[in-house]
Each structure stands twice: as structure tokens, then as C-alpha cells.
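So this first bit is one chain, no partners, the form predicted on its own, shown in C-alpha cells.
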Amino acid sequence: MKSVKVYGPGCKRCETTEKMVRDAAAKLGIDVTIEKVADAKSIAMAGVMSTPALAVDGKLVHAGGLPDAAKLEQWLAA
């Protein structure tokens, strides 16, 4: 099971990013737990400089804008 954190204040792009993670996980048949992190202090403590951002299994893999779908699948499959 993969653990994914979506960092962001809850904007439309953050919601879209979460949906992209769910869709990619379903496509790959991977179980994921998704945690949304909206607290500004927690976002800063994670080293996120722009949102939305993604961490997969504790590793920050993306920050700023929507992630590329192909890269998202690679991060989840790794």
C-alpha cells in the first residue's frame, strides 16, 4: 500500500491532484491511502514551496501545478 500526501490549501488544483492520484491508483490496481495536508505550517515543514504538492511514501515528488499523469503513475508504481 502506498501512502500519498497531497499538500495544498484546498484549492481546485489540489482537489484535481487528489482525483488524479485516485484515478492513477485505480488504473494501476494499487491501494493508496491519501492524506490531505492543508495546514500552512505543516506544508512549510514538509519543504513545500508551491502547491499542490505530492509526497509518495514520505518522499516529496512534485510541487507546483498539476502533476504529469505519466510521472504520477511512475511514482505510484515505484
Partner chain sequence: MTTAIHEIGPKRETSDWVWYAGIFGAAVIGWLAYGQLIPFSEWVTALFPVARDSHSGEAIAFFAYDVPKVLLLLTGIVFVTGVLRSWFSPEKTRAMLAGKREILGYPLAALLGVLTPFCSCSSVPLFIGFVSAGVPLGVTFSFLIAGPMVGPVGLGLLYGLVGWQIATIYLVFGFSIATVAGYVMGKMRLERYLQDWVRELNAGPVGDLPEVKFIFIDRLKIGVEQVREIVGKVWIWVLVGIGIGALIHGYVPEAMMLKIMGGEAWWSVPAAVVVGVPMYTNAAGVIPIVEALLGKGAALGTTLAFMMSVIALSLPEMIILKQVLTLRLIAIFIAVVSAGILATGYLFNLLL
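Keep in mind the model is a prediction, meaning the values are calculated, not measured. Positions refer to the first chain, counted from 1.
There is also a form predicted together with the partner chain; it is not shown, and the following applies to it.
A residue is said to contact a partner when one of its heavy atoms sits within 4.5 Å of a partner heavy atom; Ala26 fails this definition for the partner chain in the predicted complex, lying far away.
Using a 4.5 Å cutoff between non-hydrogen atoms, Met20 does not count as a contact of the partner chain in the predicted complex. Contact annotation for Val56: none of its heavy atoms lies within 4.5 Å of the partner chain in the predicted complex. Remark: Gln74 counts among the residues lining the partner chain in the predicted complex, judged by a heavy atom distance of 4.5 Å or less. Residues Cys11, Arg13 of 10-37 are found to place at least one heavy atom within 4.5 Å of the partner chain in the predicted complex.
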